[in-house]
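What follows is one chain in structure tokens, specifically the form predicted alone.
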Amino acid sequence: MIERRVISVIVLNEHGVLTRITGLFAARGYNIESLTVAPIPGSKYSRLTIVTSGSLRVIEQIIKQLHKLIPVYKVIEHTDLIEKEMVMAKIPLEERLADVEALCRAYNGNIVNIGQDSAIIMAADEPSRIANFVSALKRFNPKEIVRSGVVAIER
């Protein structure tokens, strides 16, 4: 049975760390569905949030292999967490912006910029709701859609 997992990895903030971690996944054929990285404020560490999927055996192997990497300080396999993802999209100005804005508000978003020929919108919500938002956006003919990847924190 394939399961989806969110794993946070606390690493020393130094060059090449991301390459070593993604290399671990690539070398063993593990899939990364989403990867976000940011420094932890006031420390010398960064936090990677990895969304992956696999059998229980594969997930266990991933956790064990991550623990073995030298720059890894801590691996957190989330069980009870809050997940959020952000999406930004360019919508042509010919579309009905009032409808676009109403859709954005339903998904914790808004219009963040209006240019000469397009509006940029943003929403931040749970990953499954973001997927629904992206699906609903298609009726407004988006020129471009960018998703951030998942960030998560334990309750």
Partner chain sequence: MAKMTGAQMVVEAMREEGVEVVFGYPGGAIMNVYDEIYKHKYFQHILTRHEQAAVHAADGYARATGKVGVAFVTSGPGFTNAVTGLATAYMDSIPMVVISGQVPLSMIGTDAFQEIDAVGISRPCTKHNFLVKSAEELPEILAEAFYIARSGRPGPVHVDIPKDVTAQLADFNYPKEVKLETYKPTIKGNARQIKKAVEAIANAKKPVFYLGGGIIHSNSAELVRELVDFTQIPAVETLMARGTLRYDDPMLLGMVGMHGTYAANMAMSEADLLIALGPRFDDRVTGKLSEFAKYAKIIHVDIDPSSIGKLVHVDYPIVGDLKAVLEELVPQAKAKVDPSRYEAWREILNRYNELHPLTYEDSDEVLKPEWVIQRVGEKLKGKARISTDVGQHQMWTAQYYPFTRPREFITSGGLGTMGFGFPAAMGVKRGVPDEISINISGDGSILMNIQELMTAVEHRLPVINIILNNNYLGMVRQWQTFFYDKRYAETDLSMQPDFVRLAESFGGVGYRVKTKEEFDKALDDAISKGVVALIDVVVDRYENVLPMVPAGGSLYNMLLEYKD
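Positions refer to the first chain, counted from 1. The model shown is predicted, which means the values in this text are computed figures rather than measured ones.
This protein has a second form, the form predicted together with the partner chain, left out of what is shown; the following refers to that one.
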request  = Kindly confirm or deny that Ile2, Phe25 and Thr36 each have some heavy atom within 4.5 angstroms of the partner chain in the predicted complex.
outcome  = no
request  = Tell me, yes or no, whether Arg105 is in contact with the partner chain in the predicted complex, where a contact means a heavy atom of each within 4.5 Å.
outcome  = no
task = Decide whether Ser46 counts as a contact residue for the partner chain in the predicted complex under a heavy atom distance cut-off of 4.5 Å.
result = no
inquiry  = Can you work out whether Lys143 and the partner chain are in contact in the predicted complex, taking contact to mean some heavy atom pair no more than 4.5 Å apart?
reply    = no
inquiry  = Contact with the partner chain in the predicted complex for Leu12, defined as at least one heavy atom pair within 4.5 Å: yes or no?
reply    = yes
remark   = Of 116-124, 96-104, 82-90, 55-63, the segment with heavy atoms within 4.5 Å of the partner chain in the predicted complex is residues 55-63
ask   = Taking the partner chain in the predicted complex, which residues of 20-39 have any heavy atom within 4.5 Å of it?
value = Arg20
